[in-house]
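Here you get one chain, nothing else, as structure tokens; it is the form predicted alone.
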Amino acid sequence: MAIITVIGSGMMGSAITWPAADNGHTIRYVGSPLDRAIIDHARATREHLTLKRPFPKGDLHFYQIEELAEAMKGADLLLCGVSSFGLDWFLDTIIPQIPDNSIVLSITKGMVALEDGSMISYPEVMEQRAEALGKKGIDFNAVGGPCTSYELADLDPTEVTFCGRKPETLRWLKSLFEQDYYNISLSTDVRGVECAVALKNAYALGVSLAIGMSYKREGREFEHYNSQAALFGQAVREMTLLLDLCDGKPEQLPLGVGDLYVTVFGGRTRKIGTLLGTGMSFDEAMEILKGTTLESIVISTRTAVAVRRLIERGIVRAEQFPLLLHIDELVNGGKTVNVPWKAFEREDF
């Protein structure tokens, strides 16, 4: 049996351990500085404070961040469980402490825009940081695909993809986590997998605008689906272009589309998109959602920055990304919702 140390024990960082615990592996949960209450609550009750579910049965141990060295001792796998907001903390605080030749699996979905407008995945950013520190042989891998934390903890059948550089490592990781309810494909297309699933965070906000617009128009919580479908279709069109710009393989697109679907129906991004769709400003919506982790804000901003740089270089045209640029106007430009429906029209002669 393996020892798996999770660094960052929020909702998804913890939920992914359910199948591994069910397979009999030892799980060590380490809280980030923001997870102190989660770890204290887990020690007292063996329940997850924010998932609001009991931890799985098995050999489980709980550590505060000051106990990281003890929690990593003898671990076969380190699991990065932080959100996009914790990426810099992980790069600056955790990677310097990771032993050489460790295997890391990250659940953090996202990408970073470079100065020229190109985009790289979080595992690549982690690799670069480790190399800059003189670390040797650390094998960074990641998880992509449509999966919400609470439904994984409820054992709802789930399909994901593990990506990394080495097929033999990926097959070993699959052996740790695969369960009847947790099904795992494998890919060495790291950037394609990670960029596909990162993009859904930005576009789920865009699709959710239609929900809030419907609420406002009807004067009650009533959803129309023509408008959601129109935004969903435009989101997929723009995601397809962006995946190509990231040099990802087109076969990874279903991962992003599936993740887009589940996020629109059940994610935190739905909340911010719905509020913006009612006509609220971004600041007003964020005041209501104070304390909620919204990776969609990080990803939509970074993606828009990259696209605007590519527009300046003449590599893409603004009219290819009307939905993304409108999302950016809402989040960073002080605008209120005014979906550019006519910009979605096409002539394919």
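Note that residue numbering begins at 1 and tracks the sequence as displayed. Note that the structure is predicted; figures quoted are calculated from it, not measured.
Although not depicted, the form predicted in complex with another copy of the chain is the subject of the following passage.
Trainee: Here the chain is shown alone; which of 93, 278, 102, 228 has a heavy atom within 4.5 Å of another copy of the chain in the predicted bound form?
Mentor: Looking at the other structure, the residue within range turns out to be 228.
Trainee: Between the options 262, 245, 125, 72, which residue brings a heavy atom to within 4.5 Å of another copy of the chain in the predicted bound form?
Mentor: Contact residue from the list: 262.
Trainee: For the chain shown here without its partner, which stretch in 112-120, 76-84, 127-135, 229-237 has non-hydrogen atoms within 4.5 angstroms of another copy of the chain in the predicted bound form?
Mentor: Only one stretch qualifies here: 229-237.
Trainee: Consider residue 186 of the chain shown here, and say whether it contacts another copy of the chain in the predicted bound form, taking contact as heavy atoms within 4.5 Å.
Mentor: Heavy-atom contact with another copy of the chain at 4.5 Å: present for residue 186.
Trainee: Does another copy of the chain come within 4.5 Å of any heavy atom of residue 216 in the predicted bound form?
Mentor: No, residue 216 is distant from the partner.
Trainee: Counting only non-hydrogen atoms and a 4.5 angstroms cut-off, does residue 176 reach another copy of the chain in the predicted bound form?
Mentor: Judged by the heavy-atom cut-off of 4.5 Å, residue 176 is well away from another copy of the chain in the predicted bound form.
Trainee: Classify residue 274 as contacting or not contacting another copy of the chain in the predicted bound form by the rule of any non-hydrogen atom within 4.5 angstroms, answering yes or no.
Mentor: Residue 274: no contact with another copy of the chain in the predicted bound form.
Trainee: State yes only if every one of 152, 207 and 341 has a non-hydrogen atom within 4.5 Å of another copy of the chain in the predicted bound form; otherwise state no.
Mentor: Verified in the predicted bound form; spot residues all in contact, yes.
Trainee: Could you list the residues in 333-349 that come within 4.5 Å of another copy of the chain in the predicted bound form, counting only heavy atoms and keeping sequence order?
Mentor: Contacts from 333-349: 341, 342, 344, 345, 346, 347, 348, 349.
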